[in-house]
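So this first bit is one chain, no partners, the form predicted on its own, shown in structure tokens.
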């Protein structure tokens, strides 16, 4: 088994720079010990599980709402809050002294790490509060005119839809909604939804990378390629994807992408990002205005003019990126998908269980939405918790529960879910 002290030396140590404020844009993420790199067995993940504060007898499967930050992130935030409170009188506003707030400086160190993680340049990345903020920056900033169309789906989270509805009501654009089949049978079916709905007036495809409620994974790269050929702007709701799926903005080919790293990347709540392709940045108006809103040489920093913000959250944000990099994005995705595949396979063996999220291999993710005959979504959620301390989220009827597999869940937790589902199926009245 991987020695816990060694693991802490690699992962928690990687967050040290973020906690102390000594950031280096070119710093490489800390490496895990060679033994861990070579052995992705369950013992490794059990050791990693100890770096989270969730009690050992509880299994948390609701990352799609909010992730549980590891100890390194919690400590980074706490250390920063304490340090600022204790030494605030030392802050003299001189150039050589670190700022105690954020919202006014470009935060180049953090943005550089984030850009490397998502396959972008630092000038294309803005720090936001969450995905909703990023979506609104795009909806408010694009110069659309009355009659122009935006296409989105009937599966949008309000944070991915309401900015467009506001713009429709205020400026007269037309928001066209396409209906997603549940579950979709193949990627082409999803591409055709947008293509068939497009007209000469269509200016924007608003695409969910992974839908929040029913975990439909869209073929974003293929859709962006089609949209580009049609001269249509693509903006991607990736709230569920950073820290879940490896991201490469250039490979995806989208014009804009926004996310909530406080979910799967395990950053503190209140940490988000907005990516805008460098070629599209000049066309996007700023939504909030402060000193640099009109400086088009500043790249996406022009879209970060939020006023005073919480620097300690950004220290936790950086520690979360370091933690994720120390494990490795590809290994994180492989682990998450393996757990979800285990859950899907087990549910398919329970006659009373129905999987509502996709099962086509190109459309699946680490999230499984399923129901159990004889139980409402809330009853299934409560039954899993009271019987086995398994926390899922009810998605209402007829969808049952959403179960998000992440690196702090174990194979045993998935097996306990299946055993509890079988027991509940036998006791259905």
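Residue numbers count along the first chain shown, from 1. Please read all numbers here as calculations on a predicted model, not as lab measurements.
What comes next is about the form predicted in complex with a small molecule, which does not appear here.
- Per the 4.5 Å heavy atom criterion, the small molecule in the predicted complex is contacted by stretch 236-244, the sole one of 236-244, 142-150, 89-97, 168-176.
- Of the residues given (287, 83, 130, 325), 130 alone sits with a heavy atom within 4.5 Å of the small molecule in the predicted complex.
- Put simply, of 159, 299, 346, 184 only one has a heavy atom within 4.5 Å of the small molecule in the predicted complex, and it is 159.
- For the chain shown alone, residue 252 is not a contact residue for the small molecule in the predicted complex, no non-hydrogen atom being within 4.5 angstroms.
- In the predicted complex, no heavy atom of residue 400 sits within 4.5 Å of the small molecule.
- A residue is said to contact a partner when one of its heavy atoms sits within 4.5 Å of a partner heavy atom; residue 114 fails this definition for the small molecule in the predicted complex, lying far away.
- Shown alone here, residue 315 lies farther than 4.5 Å from the small molecule in the predicted complex, counting heavy atoms only.
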